[in-house]
Every structure is written in structure tokens, then in C-alpha cells.
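Next up: a single chain in C-alpha cells, the form predicted on its own.
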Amino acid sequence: MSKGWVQRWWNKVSARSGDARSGLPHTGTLAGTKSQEVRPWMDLQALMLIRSLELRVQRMVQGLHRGLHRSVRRGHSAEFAEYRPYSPGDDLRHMDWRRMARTDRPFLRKYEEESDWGCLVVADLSASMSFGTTGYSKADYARTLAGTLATFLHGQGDPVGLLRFAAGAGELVPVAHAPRQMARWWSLLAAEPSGSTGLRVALEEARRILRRPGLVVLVSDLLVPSEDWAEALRLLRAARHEVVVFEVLDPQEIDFNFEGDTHFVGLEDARRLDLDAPRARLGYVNRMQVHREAVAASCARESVLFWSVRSDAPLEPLLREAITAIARRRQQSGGASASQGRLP
């Protein structure tokens, strides 16, 4: 099979699904692996067999570039800031052809409005993220999601940073667009999950770190009461930041398809519980549904881009939806937050 044939086939698939993607809502749910608009570039199980997180992310980014032909950047102010290397899909109207003629390398003119929109990824690596029944953990799925999105945005010219949290705010890779910026991510993201989920503290820290309006991407299982972090989310939006939330859950946490008498051990505390799983299933599923609806309502109330995703769902369609929605939100806000003018 030739490379050219693969590319032509992929372009046809992208063209057929383009109209559907253009109408994506600001909130969504990927319930599983069926009925996806875009055929994944790589099987999820095969992807997760790649032990190196950096290599896994590189494979994902390759797939994204094959299907996304347009940049996530929209709009430019009149004030020139600096040059940046051309990335596939960038708007050629902003190419500096004279510089390209001198250096034989493509560069785009970067404007002040662009350089102000930093992205901070807030990644949950608390102990509950170590749970997994799919052959890999929620943490592995979340790491790949967070790393791929950040690498893609970094390649588009956005400054990116990482805040890893558990019980407290955790460790930080500052928001920047240095050439080796992403190299600082991998060891921090690869750390073993531990501790409780300090979501409120992490969101408060994100607001402190991002001094100008930017993008905050939260990746977590959100297994804490929504009222514990709703106020921190509101203040983040009041500070004119756009927020994207990915709720990552294992299929068993949603469906609770355990059989017979089952022994459960708490991951973030010392509790142990013996249950007749089939008898407990209905009560558990109902309570989980109430919790997830409360989480979605909190995000909707603050006009947050929200996806609830199972860890067995293909990553590539999810990321394409998210990147398209982020681009649209950025275009609507002109590079700053759509919540401009909201009062704390």
C-alpha cells in the first residue's frame, strides 16, 4: 500500500466528516468505541502497548496531522510580535515570503494577540487514576490525552505548561514556548499516581499561574463532589480563562459489571468493602449518574468545554473534536476568554 494512496483515502474520510465536525457542541460525551465519525489512526490497545509516553504521543500527533488540515489559530492583531516556524495547516496569508526567500525556510509572522494565549494543562495523578480494567490505567489514558493535545498546541506556536496535581498543587512545568519545552513533560507525567484528589487547590493554582487570559485544560476522573471545586472553576472563568475539562473514567466505574461477591479496596484511603456486586449495581450506577450529571451541570453553568470519556474510547476522534472546539472558541473570543466581562 503506497503512502500516496493512504493520504488520498484519509483526505476523503476527513472531507466526509467535515460537515459533522463543524457543528460540534461545546459539551459532549464519547461513550465508547462505536459510531465514531473519524476512523482512528492507531488502535487504542496497540497504542497503549508503547511503553514510552513520548513515543506514544508522537504517534498520536502524526495521526492528528493527517486529519486536521487547518490551524487552531484564528485571527491576528495588527501588532507584530515575532516570527515562528511554519506548521502544516497554518494560514499561508501570514507567511513571510521575503524571509523565506532569504533563509529558504518557511516562517509565519506572529502577532501580539497570538502570543498572549498560553495553555496550562492540569493533569490529575492522584491514586484513583491508577485504576484500570482495560489493560492500562486511567492515568495512562489521561497522560496520552494531555501530552498529545499539548504537543499539538506547542507545534502550532502556543506556549504550553503542565501542572501535575494529587492532594496538593504538585509540580509545574511553566507555560512557555521554548524549543525543548515538551521534553520537560515526560518524566513529570510518567510519575506513579498517589495521594488524594486536590482538585480545588489545583484550579486555584492554575488561576495564580496564568496571569493573562489563556486556556486551562483539566484532565481528571473528577471523583470528588462537584461542589468542592465549583467555586474555583467559576473564579477561573471570571479571570477570563477558557477552560476545557476531560472527565476520564474506566468502563467499570460507569457500568459496574462485577460478578458475585467482590472485595473492594480504597485507592485514596484505607477503606475496604465486601459486596454482592450484582445486588449493589443499581444503587451504585444511580449514584454515579447523579454525580456525573452534577459535574456536567457545573461545567455547563460556566460555559466550559466538557467531554466525559471512557478510557476504552479512541483518543483520536476525541482530540479532533476538542481541537476543533478550542479553535472555534478562540475565534469567538479573539484570542482572549469568551467570558470577558464576567464578575467574580
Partner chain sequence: MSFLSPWFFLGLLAVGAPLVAHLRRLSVKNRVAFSAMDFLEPLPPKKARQRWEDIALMVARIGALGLLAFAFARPYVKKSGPVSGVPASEHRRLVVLLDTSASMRRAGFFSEARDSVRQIASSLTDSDEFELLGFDRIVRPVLSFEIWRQTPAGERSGLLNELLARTDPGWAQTELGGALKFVADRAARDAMEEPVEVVVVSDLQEGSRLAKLQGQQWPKNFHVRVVQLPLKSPVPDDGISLHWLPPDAETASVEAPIKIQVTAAPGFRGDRVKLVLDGLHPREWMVPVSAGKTRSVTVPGPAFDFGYVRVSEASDFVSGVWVSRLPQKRALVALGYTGDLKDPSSTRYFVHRAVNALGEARVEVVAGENLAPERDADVGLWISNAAASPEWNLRMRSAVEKGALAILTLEDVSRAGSVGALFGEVWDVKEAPVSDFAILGEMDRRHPVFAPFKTPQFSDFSGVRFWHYRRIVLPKDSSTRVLARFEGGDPALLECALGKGRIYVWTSDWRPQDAQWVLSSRCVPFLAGCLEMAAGGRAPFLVTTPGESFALPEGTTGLLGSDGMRLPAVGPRGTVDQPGVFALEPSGGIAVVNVAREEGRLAALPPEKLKDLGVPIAKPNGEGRQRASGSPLSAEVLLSEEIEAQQGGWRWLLGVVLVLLTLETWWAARLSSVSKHPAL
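Keep in mind it's a predicted model, so treat the numbers as computed, not measured. Residue numbers count along the first chain shown, from 1.
Here the subject shifts to the form predicted together with the partner chain, a form of this protein not shown in this document.
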Next on the checklist: Taking any heavy atom pair closer than or equal to 4.5 Å as contact, tell me whether residue 282 reaches the partner chain in the model of the complex.
Outcome noted: yes
Item to check | the partner chain contact in the model of the complex: residue 266, any heavy atom under 4.5 Å | outcome: yes
Next on the checklist: Can you tell me whether residue 158 touches the partner chain? I mean in the model of the complex, with a 4.5 angstroms heavy atom cut-off.
Outcome noted: no
Checklist entry - Is there a heavy atom of residue 148 no more than 4.5 Å from a heavy atom of the partner chain in the model of the complex? => result no
Checklist entry - Among 315-323, 50-58, 286-294, 301-309, which stretch has residues with heavy atoms no more than 4.5 Å from the partner chain in the model of the complex? => result 286-294
Checklist outcome for this item: As a check of understanding, the residue in 186, 136, 258, 107 with any heavy atom within 4.5 Å of the partner chain in the model of the complex should be identified as 258
Checklist outcome for this item: Picking from 223, 244, 166, 175, the single residue whose non-hydrogen atoms come within 4.5 angstroms of the partner chain in the model of the complex is 223
